[in-house]
Structures are given as structure tokens and as C-alpha cells.
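Coming up is one lone chain in C-alpha cells, specifically the form predicted on its own.
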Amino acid sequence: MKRIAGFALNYYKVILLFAILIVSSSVTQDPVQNIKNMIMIQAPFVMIYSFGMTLAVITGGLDLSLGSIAAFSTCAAAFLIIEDQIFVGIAVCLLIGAGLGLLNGLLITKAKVNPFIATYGMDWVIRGAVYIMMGGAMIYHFSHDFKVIADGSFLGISNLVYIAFAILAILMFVFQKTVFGRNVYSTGANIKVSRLTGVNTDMVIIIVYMISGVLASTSGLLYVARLDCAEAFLGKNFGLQALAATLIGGTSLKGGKGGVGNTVIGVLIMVFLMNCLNVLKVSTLWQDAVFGLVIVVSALLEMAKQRYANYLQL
């Protein structure tokens, strides 16, 4: 009986919340088109950068610099892409994302800065740099060859969905079927024991933050292609939304548990929640408050789940 109750506590709350949000977001608009837009267009963006947050949380950290990395890398790349150097621009964008992720990883592992302080500080530094670089300007009117990456579709399904699920499949394979993936989980679960078993935990953490940076840059590129505009304010809420989606999905802040597969559910819930708030014309200021509340409630539920798990072991 205890285990049945534990299963319900772990999973049914997510399914129930998901069902409630589907209903509430469908009553004010055409249900089919509304849900299609959320899944085909909105969810893939949030999904990609949330994967990066999830990986960082699994290691026992977090990455609050997602939005600024997306903004800086895409704005830098936009100067090349607008000149029709699309492949070079994309490569530069991803390299910048990896490089900024590398800096986060080095601050955390070599300088021994707390992940919250390291990534939050980097978020301000990078955001300031992109403001200076852009000087209040925006870059827009990109070529069709670039915009089709996000605007195109195949068999009635948006390219965004294919890209997001291709990334999901790669990440699930790497983090479930490879030695590196197992090392990531063991590092998050107990970094000291992992070191004693020969795992280079510093390198594991650095690579994870580099992956997170690349995912943020990828999501930023897709945003720019979709909106046909690169600007310094891109991704202001990426970190908050990604953390909320990660926690709702069930990834533990203590590290070593969860995964990107769980985050998909968290992302869908967050997307439906954002849609509800927009449909109800809730102020963006209140939306930030709602996301913050979601994070707090998710953390409390995680604590309750941990206590219940300890109870089951008695």
C-alpha cells in the first residue's frame, strides 16, 4: 500500500496538473489549434534550453545564464547571418555558447564558486556585454534560407519539433547508455565518492555546462529565425522557466536524479501555464511571480517526496 501511494505521489500529480492545464488553456480558444500551436511552436524552444538546465541540476548545480548566453551568441552570429553567411554564423553561435558554458564550468570546478553565484554573475556579465555590443539596435530581415529552419515543416509537423526531439533522443542516449552519462549522475549523487572511483568530476561538470551553453545558443538561434529579429533582450526569462520546467519534471535539486525525458512533461506544463496567463491577459510582472511560485511549490513537493521515500524505507 505504501508503494502504491508513493507511485501516486511521484507521478499522478504531474499527470493531473497536465490535464488541468490542457482543459483550462482550451476553453478560451479553439482547442485543437491552441494545443497544436503550443506543442508545435512554443514547446520546442522551451524544451531545448530546459534540457541544459536539467543537466546542470543533475550534477548538483544549476545554470542561470541560459538567457544571456542565448542573447549574446545569437546577436554575435546575426552579424554574419544577415550577410548570408548562414553556416558560419550558426557555427560561431554554437562555439560561443560552448565557450561561455566552459567559463561557467571553470568557475564552478577550478575557482570553486557556488553554481548559483557563478552562473548568476555570468548572466549579468554576459547580458551587459550584449547590451554594449548591440547598442540598443536590432538585426532583422534575415534570408528565407535561415528563417525556414524554424518556420518550415515536414509532413505537417514543424521543423522545431523535429529539432527538439532529435536533441532529446541524442541526450537520452548519451546520458542513459554511455559511461559519460553514468558519470554525470554519479557526480551529482555523490561527488566525493565519484572522485574516489576515478571519475574526473571536474571535467564532467565542465562538459555539462558546455552542453548547456550550446543548447541555450541553439534555442536562441531558433527564436531569431522564428521572430526574424536578433536583439539584446532575448531570453530574459529562460533561466526561470527552465528551472521551473526541470523541477516540475521531477529532477531533484540535490542532484543525481531525474533526466531530460522528465523535463519534457515539465516543459509542456509550463507552456500550457504560460498560454493560460497570456490568454487571461495577466501582466508579465505577475507571470514572473507565478513562475517563482511554481519553483517554490515544486521544491516543496520534492522535499515531501524525499521524506516519503525515507518513510517507505522504515
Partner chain sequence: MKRNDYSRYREIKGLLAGVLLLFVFMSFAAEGFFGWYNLHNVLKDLLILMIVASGMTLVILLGKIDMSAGSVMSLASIVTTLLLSYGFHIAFALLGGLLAGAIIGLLNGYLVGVLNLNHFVATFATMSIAKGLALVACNGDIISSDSDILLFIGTGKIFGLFFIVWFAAILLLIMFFVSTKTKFGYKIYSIGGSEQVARLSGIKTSNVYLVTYVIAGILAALGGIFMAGKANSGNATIGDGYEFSVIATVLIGGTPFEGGKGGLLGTLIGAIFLVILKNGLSMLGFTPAWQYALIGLAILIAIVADVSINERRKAEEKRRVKL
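Positions refer to the first chain, counted from 1. Just so we're on the same page, rigid core means the largest C-alpha set that superposes within 1.5 Å between forms. Note that the structure is predicted; figures quoted are calculated from it, not measured.
What comes next is about the form predicted in complex with the partner chain, which is not displayed.
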Exercise for the section: Mark residue 193 yes when one of its heavy atoms lies within 4.5 Å of a heavy atom of the partner chain in the model of the complex, and no otherwise. Expected result: no
Handout entry: residue 243, heavy atom within 4.5 angstroms of the partner chain in the model of the complex
Key = yes
Practice task
Mark residue 128 yes when one of its heavy atoms lies within 4.5 Å of a heavy atom of the partner chain in the model of the complex, and no otherwise.
Solution key: yes
Handout entry: in the model of the complex, residue 112 touching the partner chain (heavy atom, 4.5 Å)
Key = yes
Exercise for the section: Would you confirm whether the three residues 94, 162 and 168 all fall within 4.5 Å of the partner chain in the model of the complex, going by non-hydrogen atoms? Expected result: no
Completion exercise
Within 4.5 Å of the partner chain in the model of the complex by heavy atoms, the stretch out of 181-189, 113-121, 215-223, 151-159 is 113-121
Completion exercise
None of 207, 234, 107, 90 but one has a heavy atom within 4.5 Å of the partner chain in the model of the complex; the exception is 107
Fill in the blank from the handout: If we test each of 64, 47, 55, 270 for a heavy atom within 4.5 Å of the partner chain in the model of the complex, the one that passes is 64
Exercise for the section: Give, in sequence order, every residue of 262-288 that has a heavy atom within 4.5 Å of the partner chain in the model of the complex, or say none if there are no such residues. Expected result: 285, 286, 288
Problem - Threshold 2 Å Cα movement between this form and the one not shown at residue 289, rigid core reference - result: no
